[in-house]
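Next comes just one chain, in structure tokens: the form predicted on its own.
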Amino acid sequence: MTEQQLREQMVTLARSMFERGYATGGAGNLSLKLPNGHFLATPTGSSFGRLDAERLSVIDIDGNHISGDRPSKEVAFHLAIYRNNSECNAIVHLHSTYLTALSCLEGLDTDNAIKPFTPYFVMRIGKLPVIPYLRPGDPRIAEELAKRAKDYRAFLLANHGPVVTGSDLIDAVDNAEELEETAKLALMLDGKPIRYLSEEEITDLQGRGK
């Protein structure tokens, strides 16, 4: 896809998420890798429902602002993932309702916040590690994500929300939506007897297509 097509795709997908309640106000941010090696990102404080394709931020791998409006301060942790995972070409960071609620619970398994009970969680996400709480914009978020970038497709920032990767922006958005739905189901099922997937069933799903 050309840069212009990618710009329009970002605006379209962001608006779709906004209209369906995955993003509110100026919360959350998106980024993707451009054909020339730079990165396209949502500007600071921008609403997913009101993005302008021509005003999207362009930055390089070192975080230098190339063009467009000023990027979100959180783009630093996007770049940390790109630097450490060559298969990642797009990132979605949301403050979506159910994943943010999950991120505020005590006692989560920090290696995997959601014990697998649906096949698509395993196939799209695999595991969801928890990043310890750090204030938004803290550079240590990037450091924590960099350590885990090669091994995971998604991360849960404690008391904050999800960070989800993909092979392109459509894939990242689909992964984020599947993850949000899984968190919704997990909270709905809390306190009820759940049939979790067995290790054999999980192994069978790993590596299969989405």
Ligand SMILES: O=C(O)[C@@H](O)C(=O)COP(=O)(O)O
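Just so we're clear, the structure is a prediction, and the values are computed from it rather than from any experiment. Numbering starts at 1 and runs along the sequence shown.
Just so it is clear, the following notes concern the form predicted in complex with the named molecule, a form of the same protein that is not shown.
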> Considering A53, V58, A146, A27, which brings a non-hydrogen atom within 4.5 Å of the named molecule in the model of the complex?
Replying inline: A27
> Tell me which of 106 to 114, 124 to 132, 84 to 92, 70 to 78 has residues with heavy atoms within 4.5 angstroms of the named molecule in the model of the complex?
Replying inline: 70 to 78
>> Check P35 for me: does it contact the named molecule in the model of the complex (non-hydrogen atoms, 4.5 angstroms)?
In response: no
> Using 4.5 Å between non-hydrogen atoms, is P136 touching the named molecule in the model of the complex?
Replying inline: yes
> Is there a heavy atom of R153 no more than 4.5 Å from a heavy atom of the named molecule in the model of the complex?
Replying inline: no
> What residues, if any, in 32 to 50 have a non-hydrogen atom within 4.5 angstroms of the named molecule in the model of the complex?
Replying inline: P43, T44, G45, S46
